[in-house]
Ligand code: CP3
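First comes one chain, alone, set out as structure tokens in the form predicted on its own.
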Amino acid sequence: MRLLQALRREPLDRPPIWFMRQAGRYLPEYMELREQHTFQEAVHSPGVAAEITLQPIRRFNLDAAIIFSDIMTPLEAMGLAVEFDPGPKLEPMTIQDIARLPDFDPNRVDFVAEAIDKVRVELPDGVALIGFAGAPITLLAYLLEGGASKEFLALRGALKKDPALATEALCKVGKAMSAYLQLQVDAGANTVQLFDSWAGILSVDDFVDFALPAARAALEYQTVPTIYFAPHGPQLLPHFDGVGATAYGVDWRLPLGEAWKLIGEEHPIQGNLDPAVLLTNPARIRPAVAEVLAEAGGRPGHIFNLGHGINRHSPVENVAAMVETVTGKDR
């Protein structure tokens, strides 16, 4: 599989390509299916989740599928209820409550494993399947706030008010995410990605003291290659290798070559086309893709991706132009 070859830093004639949120709202077939199912219904139905996972693979010449789910899904296996309206909503918790959550129960999210099993049956040869989870510090941010926030002051305050208790809570969540990732691997995922969506709001010291060891704990015992992605934090890049992942995703804020140098050129790197480029037209998309490829310079270990999830308003023909520029061919 081309993605796994890149994760081993093997020389390739072109980098593998997949992109974040590739199974989702920019596809008309996804929207048609969602007219029949709520988001939670789709996630909890293995057949529907598998179908959504496969939709972009049928359209584009991609090298990986990522299972359709959400980073909040494994919290159900810790006894928590999450709603989407449209973003995640849950009852705000204290740091003490989080530290004392029940242990992860894999039986409560067995629908994710079933979806992976169904995808594996239909996935073309050579296309990898990616499992994923939210990183502990990102999930802690949501648990303390009860949803999204611009500043996540509850998280940042908790880290400073009682560092020992915050570490205990992160250990609880990190252990759960490790088990959840392994559940996906056991079901057939070829690699897993840890999304640390809100690590970038932290100072470097708080990242190193809290987010980094928690992410490392979630990844260190995985039996497949791992990818760590923390956007919005170029100040954190020199510290990424402490996470211990196989590869690191980067957003568009720095040129790929510069970001790669900060992380360490011995690591595979994933990225980093600005998703806004896909809102333009193929004439602008092709040179922008070529610029990212030029930054990679043909070095082994590059995985082409967006610098964040695809915007739902991206025209399908623009996505096709991006994929064709990387692969040299259409589906």
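Here the structure is a predicted model, which is why all the values come from computation and not from measurement. One-based numbering along the sequence shown.
Another form, the form predicted together with the ligand, is not on view; read the next lines as being about it.
So which of 233-241, 86-94, 176-184, 155-163 is the stretch with heavy atoms within 4.5 Å of the ligand in the predicted bound form?
Selected stretch: 86-94.
Every residue in 23, 30 and 70 with a non-hydrogen atom within 4.5 Å of the ligand in the predicted bound form?
The answer is yes; 23, 30 and 70 each reach the ligand.
Heavy atom within 4.5 Å of the ligand in the predicted bound form: which of 142, 207, 228, 260 fits that? Just give me the one.
Checking each option against the ligand in the predicted bound form, the one that comes within 4.5 Å is 142.
Which listed residue (222, 190, 167, 197) meets the criterion of a heavy atom within 4.5 Å of the ligand in the predicted bound form?
Checked against the cut-off, the match is 197.
Contact with the ligand in the predicted bound form for residue 132, defined as at least one heavy atom pair within 4.5 Å: yes or no?
Yes.
Check residue 34 for me: does it contact the ligand in the predicted bound form (non-hydrogen atoms, 4.5 angstroms)?
Taking the distances in the predicted bound form, the answer for residue 34 is yes, it comes within 4.5 Å of the ligand.
Please determine whether residue 285 contacts the ligand in the predicted bound form, using a 4.5 Å cut-off between heavy atoms.
Residue 285: no contact with the ligand in the predicted bound form.
If we define contact as a non-hydrogen atom of the residue within 4.5 angstroms of the partner, is residue 66 a contact of the ligand in the predicted bound form?
Flag for residue 66 set to yes.
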